[in-house]
Ligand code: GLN
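Just the one chain here, the form predicted on its own, laid out as structure tokens.
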Amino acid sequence: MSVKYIFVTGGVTSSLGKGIISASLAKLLRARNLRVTIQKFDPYLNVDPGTLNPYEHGECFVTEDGAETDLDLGHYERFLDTYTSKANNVTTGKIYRTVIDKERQGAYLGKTVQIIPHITDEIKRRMLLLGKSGNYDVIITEIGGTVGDIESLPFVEAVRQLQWELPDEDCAVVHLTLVPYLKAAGELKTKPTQHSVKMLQQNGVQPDVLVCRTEHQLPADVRKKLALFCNIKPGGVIQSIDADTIYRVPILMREEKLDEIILKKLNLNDLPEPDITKWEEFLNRLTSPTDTLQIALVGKYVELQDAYKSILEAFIHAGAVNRCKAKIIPIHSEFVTDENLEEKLKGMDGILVAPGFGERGLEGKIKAIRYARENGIPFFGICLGMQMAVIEYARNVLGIADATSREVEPNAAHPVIDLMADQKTTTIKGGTMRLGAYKCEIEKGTLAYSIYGDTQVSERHRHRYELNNEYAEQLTQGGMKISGRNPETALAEIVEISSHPFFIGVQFHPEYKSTPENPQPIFVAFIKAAMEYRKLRKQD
């Protein structure tokens, strides 16, 4: 069987959910025993989102092999329960850098380098790359942005060329668009979708399936109208109605027969019906909780939900396991003071201090950690959250009043958090942090060991600073245990306080590997501890 290529484009507006539709389709195809992966092509000129402010682009997701990628790759991994890689996220910056490097090497034999064919050829090469590995039957490619964006044009042109070059049965195009409901008129409006498809057709691409995002049911006459005016085969117009959770979308797409339409177009016959039993079991647990918690998420980017996307999703997975809904209360660390600390954190069943970079909001994080430690509230710190927990403990328990991080004070007298040795000569910011999966050895008899049930785990990282081992003995003697270390560098990966009901900080990012079918163990344990704390508090 030849490799099949599916391209997903979007129109009318951004944020319609191309990533979720792509992931849902992949989920259904994989449930039919097809080998599927998804890749994201982003039109921005940054080489990757690693240097982008979260307010600009949301969370920067990190893959197992250390790629800093678009947050949609997190959705891909969560829906498919398999890892993505550097090859799964391509940007205009990567495309142009490759072409310009080749030009400097003389690879084009003195020819004028142009958008067509040189840029589009490189885009096509990357679109087909994963298919040539022999590991997949179906490659789904999500094109970032919306049809009509200037920066997306080379990608749309590359799809046009591939739609022409590939055998008809090896290529399918799915176009996601918006069908708005005008309350004043009391009807759904198809014109934005017609214009979007017309623009796509003007660029030479004919969609095979139209997925219409809508707040209301799409009647048969509206579907027929869209099919007629958008030149789509009957039955090729389906709805993507608003759902109570993104994890219901695969079920909704199955009801709309999206997978069947695509399989017919790709001439894939005699496949088994999709087995999504596990997914349905997860969805059942998710939507029928027996308890509710309030978890404070203390961070500096809380205005933008996507900035902590993987953390929020990990709470959903862990909550489902515990039959509990975790209501996440965002608390901006920059505005946490001694005066309002009690007001902001009182009544919380758990406190998570989020990752981040820079000085802004650090003191608020430290105050929140102290509140959790002194009041016996379950605490979980991730990356910078762990580092702030170490600083808080050094200051308020060990008595090192000026304990800090070199990220804040380069000439600190007591840098309990220091720049990693291999980072001290690094001047280029993009892609140079400690990135990707690293091993962590866990000491038996610790909270971390009780959570993982193993002495060796692997988790993903994204940081430049680490716990300064010169203070390790002082911290340990003072009651903060380093329960997990990297076996090669002795870098502290996990800290905990055994005298506290539940207090753990990790240098890595456990949220990246959490999926509905395999929820991350620390999040599961944190939710369980918060439930126990809530129960005791109610009794008191």
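Source: prediction; values computed, not measured. All residue numbers are counted from 1 along the displayed sequence.
The discussion below concerns the form predicted together with this ligand, not included here.
Participant: Which pick from P180, P274, G356, G361 sits with a heavy atom within 4.5 Å of this ligand in the predicted complex?
Facilitator: In short, G356.
Participant: In the predicted complex, which of the listed residues (H463, K94, R126, R285) lies with a heavy atom within 4.5 Å of this ligand?
Facilitator: It is H463.
Participant: What stretch, of 159-167, 211-219, 75-83, 379-387, brings heavy atoms to within 4.5 Å of this ligand in the predicted complex?
Facilitator: This holds for exactly one stretch, 379-387.
Participant: Would E459 sit within 4.5 Å of this ligand in the predicted complex, counting heavy atoms only?
Facilitator: Heavy-atom contact with this ligand at 4.5 Å: absent for E459.
Participant: Taking this ligand as it sits in the predicted complex, is R30 near enough to touch it, meaning that at least one heavy atom pair lies within 4.5 angstroms?
Facilitator: Close contact is absent here: in the predicted complex, R30 is far from this ligand, nothing within 4.5 Å, heavy atoms only.
Participant: At 4.5 Å between heavy atoms, is E256 in contact with this ligand in the predicted complex?
Facilitator: No, E256 sits far enough from this ligand in the predicted complex that none of its heavy atoms falls within 4.5 Å.
Participant: With a cut-off of 4.5 Å between heavy atoms, is H509 one of the residues that contacts this ligand in the predicted complex?
Facilitator: Contact with this ligand, yes.
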